[in-house]
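Heads up, the chain below is alone and in the form predicted on its own; it's given as structure tokens.
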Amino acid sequence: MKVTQHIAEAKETIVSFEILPPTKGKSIESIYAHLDMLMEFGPAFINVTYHRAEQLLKTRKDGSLEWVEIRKRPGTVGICAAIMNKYKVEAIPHLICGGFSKAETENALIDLDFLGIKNVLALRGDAAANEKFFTPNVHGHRYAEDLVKQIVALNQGHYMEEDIIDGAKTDFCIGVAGYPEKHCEAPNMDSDIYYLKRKLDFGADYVTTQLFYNNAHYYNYVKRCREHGINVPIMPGLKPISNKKQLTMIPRVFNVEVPSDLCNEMLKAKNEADCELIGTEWLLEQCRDLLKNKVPVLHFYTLGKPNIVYNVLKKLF
């Protein structure tokens, strides 16, 4: 079932999760251990992130240097198939522009279609670890809107090879990212929403937001989106803070604000367990407020902390 169908048919707010593939060398059992406890809450779908290949400079035995391409977290498509098979839940792979050619993207979409996957999240993706700014594959997409256009074209049966006539049509529901505190590269919020609307005008179906810790940012963002004619579902993204290091890491990596009250409570914490309790309570209050305001989905970035999300959901439902 498509994400938009889940939302349209739900009588109340639904729950979804986002997970990371395991690092190379680990088994899928780590994913199952992560998800088993969360399945109690009947998620409508589970997102699986995609991680581009990185270029690392390695020293050869003779002392010379060479650039080596590695992918630390492979397996997104396989994990999606495994989740659907094991849990009978919709899995949503992320698709990114970085590191992919258009042909590779088309082939990935064909694989996903053959697997019966009906939802994708189309993202530009971050710059490679060895790059200061995002650089697309020479034969790939620079912007998420271009990736959306390619997915829509395939939904219409249009393939890259011009000699394919009456090509099979895919039927992907397309999600895109939204930024309640604006994307780090956007000069202002109006510009950010303008480019979001372009992605939706080109055929995207719904929006999943970047994480936030002040619900006012989400409500203001939805209001401004509606004022700009954006009427698709906008799902709030939620991620627990569980330690003091995240107070500086999260704003730097995700370009979001950590409210003073949350920061001050965390800094007073005497140990890791106290930090987790504070983070759990903050996330719980966020969720209670969002539920009162009838958001369509509570989308949790679990990312290695399923126990906190479990404890929050146990108190909510």
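So that there is no doubt, residue numbering starts at 1 and follows the sequence shown. Keep in mind that what you see is a predicted model, and the values were worked out from it rather than measured.
The form predicted in complex with a small molecule is left out here; the points below concern that form.
- When the small molecule is considered in the model of the complex, E185 lines it closely, a heavy atom lying within 4.5 Å.
- With a 4.5 Å cutoff on heavy atoms, V222 does not count as touching the small molecule in the model of the complex; it lies far away.
- The closest non-hydrogen atom of K244 lies beyond 4.5 Å of the small molecule in the model of the complex.
- Among heavy atoms of H94, some come within 4.5 Å of the small molecule in the model of the complex.
- Proximity to the small molecule in the model of the complex holds for all of L123, D192 and T209, with the criterion being a heavy atom within 4.5 Å.
- This chain is drawn without the small molecule; in the model of the complex, the residue among F100, F172, Y213, Y179 with a heavy atom within 4.5 Å of it is Y179.
- This chain is displayed alone, yet in the model of the complex one of R198, H158, K86, R73 has a heavy atom within 4.5 Å of the small molecule; that residue is R198.
- The candidate stretches are 136-144, 163-171, 150-158, 104-112, and the one lying within 4.5 Å of the small molecule in the model of the complex by heavy atoms is 136-144.
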